[in-house]
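Heads up, the chain below is alone and in the form predicted alone; it's given as structure tokens.
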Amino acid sequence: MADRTGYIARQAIRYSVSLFIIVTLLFIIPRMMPGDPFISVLGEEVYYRSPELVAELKAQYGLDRPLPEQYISYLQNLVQGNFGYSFHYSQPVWDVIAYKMGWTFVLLIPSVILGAILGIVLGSVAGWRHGRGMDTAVTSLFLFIYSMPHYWLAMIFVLLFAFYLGLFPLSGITSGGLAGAEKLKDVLWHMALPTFVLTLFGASYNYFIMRGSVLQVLGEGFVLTARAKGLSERDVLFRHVLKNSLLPLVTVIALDFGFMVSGALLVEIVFSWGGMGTLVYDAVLARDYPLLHGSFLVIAVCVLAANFIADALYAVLDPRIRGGKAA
């Protein structure tokens, strides 16, 4: 118990330091981008003709102060849970993020679950029957999917299934003007393609992890012993191989969530899905510093939290991990 607690405490400190570094970079990088955030707010004509109005807005948002003062104010606001006010949306940053994040979760949750199930099942079968036709075919397919960019596959699906075949809508969350069960069906129809794309990428990653884990366990001595005892192949697979192969999936599935929060952004942009992807895209174009800070911070926290949960679960399930770290 002491080793486990100490290991988790060390991981918490490590991730806290990582979060502080990320917060600092999130402050610096947007300010290094060319352009002025108030051009998109005022328009180019007003921006260049009314320098006094620009100066007034910069003073209002604290952008006229030296960078060290802005940084300290930025940290103080974060500690207080204040993400600031969006230039582009003219709303509190947290209100905008909370709404958009909800739609991102609508895509992520089924994608992570379906990707995990599909990857585990197919990876287990392929690892168990490695070298056969099914293993070769499925491995080649998932290798092809895993090797291509998310947005490229998303564009192929939009072009084929939405543009040419007309089976799904080209973009958006809903067609509008609907309510109740009809609206739910419409949302499900709109989310089918982006969910399928994200599921394929999640499944491809999980597939290779599970297949490799099964192949590794098959070479262990306890599998040979189980077979020597006369156990059926089914018992060897479910009672020995899968039980010991699933441990790496604890980490992978937890990381899937953090990875997809960031990986879904480009897919959302392709499908014009009104989640965090389009929000970040709009914030970058508008040079909306508070919205960029808040959006990337939420994404970073999701990724770090997923990693920390994976490390903690691994320490609980596998004593060798915390023992090795403690040493």
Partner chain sequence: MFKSARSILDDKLALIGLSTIIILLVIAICAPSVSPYDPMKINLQERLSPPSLEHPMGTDDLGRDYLSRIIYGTRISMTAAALITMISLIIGLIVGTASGYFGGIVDETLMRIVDIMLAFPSLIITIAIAGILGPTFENLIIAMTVTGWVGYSRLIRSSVLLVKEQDFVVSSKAIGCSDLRVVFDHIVPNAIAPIVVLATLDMGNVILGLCGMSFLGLGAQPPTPEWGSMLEAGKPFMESMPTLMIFPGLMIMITVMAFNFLGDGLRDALDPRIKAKVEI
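So that the term is clear: the rigid core is the largest set of C-alpha atoms that superpose within 1.5 Å between two forms. Positions refer to the first chain, counted from 1. Quantities reported herein were computed from a predicted structural model and do not represent experimental measurements.
The discussion below concerns the form predicted together with its partner chain, not included here.
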property	result
Listed residue (175, 225, 91, 136) with a non-hydrogen atom within 4.5 angstroms of its partner chain in the predicted bound form	136
Check all three, 144, 208 and 281, heavy atom within 4.5 Å of its partner chain in the predicted bound form	yes
Its partner chain in the predicted bound form: contacting segment from 116-124, 102-110, 83-91, 155-163, heavy atom within 4.5 Å	155-163
Partner proximity in the predicted bound form: residue 168 to its partner chain, non-hydrogen atom cutoff 4.5 Å	no
Residue 273 within 4.5 Å of its partner chain in the predicted bound form, heavy atoms	no
4.5 Å heavy atom contact, residue 10 and its partner chain in the predicted bound form	no
Residue 151: touches its partner chain in the predicted bound form, heavy atom cutoff 4.5 angstroms	yes
Is_shifted residue 196 between the shown form and the other one (CA, 2 Å cut-off, rigid core)	no
Core-superposed C-alpha of residue 168 shifting 2 Å or more between the shown form and the other one	no
